[in-house]
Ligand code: AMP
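Given next, in structure tokens, is a single chain: the form predicted on its own.
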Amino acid sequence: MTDKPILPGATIGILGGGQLGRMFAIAARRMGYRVHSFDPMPDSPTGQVADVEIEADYNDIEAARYFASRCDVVTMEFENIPSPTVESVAEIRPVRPSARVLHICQHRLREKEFLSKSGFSVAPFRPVQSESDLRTALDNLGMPAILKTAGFGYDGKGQTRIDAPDQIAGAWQKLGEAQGVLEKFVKFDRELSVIAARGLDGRIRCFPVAENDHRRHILDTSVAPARIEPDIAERAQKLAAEIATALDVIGLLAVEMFLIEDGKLLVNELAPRPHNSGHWSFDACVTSQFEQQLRAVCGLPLGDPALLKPAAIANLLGDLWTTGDPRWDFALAIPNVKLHLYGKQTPRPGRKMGHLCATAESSTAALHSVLRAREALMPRA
């Protein structure tokens, strides 16, 4: 293994086959790299654009080692890869970010404890391992509160809000695992996120702060730059950079945070990979988050993350197909709108099938355009 730059012509391995890997693979192939993907499902979004697609369970250590042996460096497009698999891959090829980073970020309790012990502000929380623990934690934190699974949660999965005592038993039963995290519900002014890239040399470049809106715990829209005061944006980027350094990330780190009424920033969640709230960078930045991930994991100089023009994205969920095929031509009649579909064949409610991106002279104008485009493509009932 070496810290020398991994140059175009080399092979990049991607653990995970979703849309984040797909867009990463597109960026990598554009720069002359070969791409191998590893995912349990055939014809995955990443596999569709990879040079080689290996279909195997994430727990298949031998398959993962074979996959690694054919790559020069390995990265991941989502964090819920079993730690033993990542550790086995790391014995053969560099894995960036590291198994340690993944181990922390794939488990909400470990993540919260890391942030808290490192001096970063988070919402008050308590670990819970039984219904009795949950009741005690609610006595301490009060209601409303959010009960979350400790591991393997994303897009709102494994989260239940508790507003009253008669909801406690049902919430614990719904958790479905032996360990959870109870978080005090935080009233916030805005949801923000920052994607920080950190290279092998420790240098960090942060993308502009995004302002996010969620529906059903799933990101609905994201705009950049966020409509916040410059000093708040500066503090948000500084916070993301400090966390990336504390974790010793090589690659990307998305930091989701809450802006509360007194101007304080609370860290909500971390993701050591590209992030849905940075998809606008594909169309609107000098260097997209996907190219930046490639540069970081290959030991190349980081690119300029500057925003060329304000931008907004709107997610396209499987619900859109309920009454028929979307009217793509209607949405694309709006000239400042770009369409990204992820190659998923079966639309399901809540499943991310693609997104629209619009650029404009302001964040608000971009958001207006992308929402108008999404409304235009909705099939008539």
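Worth saying up front: this structure is predicted, and the values here are computed from it rather than measured. In this text, residue numbers run from 1 along the sequence as written.
Beyond the structure shown, there is the form predicted together with ligand AMP, which is absent from this document and is the topic of what follows.
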Task: Touches ligand AMP in the predicted bound form: Ile146 (any heavy atom, 4.5 Å) - done: yes
TODO: Answer with yes or no whether Val186 is in contact with ligand AMP in the predicted bound form, where contact means some heavy atom within 4.5 Å.
DONE: yes
Open item on the list: Taking ligand AMP as it sits in the predicted bound form, is Phe78 in contact with it (heavy atom to heavy atom, 4.5 Å or less)?
Closed with: no
- [ ] Consider His217 of the chain shown here, and say whether it contacts ligand AMP in the predicted bound form, taking contact as heavy atoms within 4.5 Å.
- [x] yes
Task: Interface segment, criterion being heavy atoms within 4.5 Å of ligand AMP in the predicted bound form, picked from 295-303, 223-231, 193-201, 253-261 - done: 253-261
Task: Answer option from Arg93, Arg126, Arg108, Arg205, heavy atom within 4.5 Å of ligand AMP in the predicted bound form - done: Arg108
TODO: With ligand AMP left out of view, choose which of Ser288, Ser98, Gln159, Gln237 has a non-hydrogen atom within 4.5 angstroms of it in the predicted bound form.
DONE: Gln159
Task: Heavy atom contacts to ligand AMP in the predicted bound form at 4.5 Å, residues of 257-274 in sequence order - done: Phe258, Asn268, Glu269
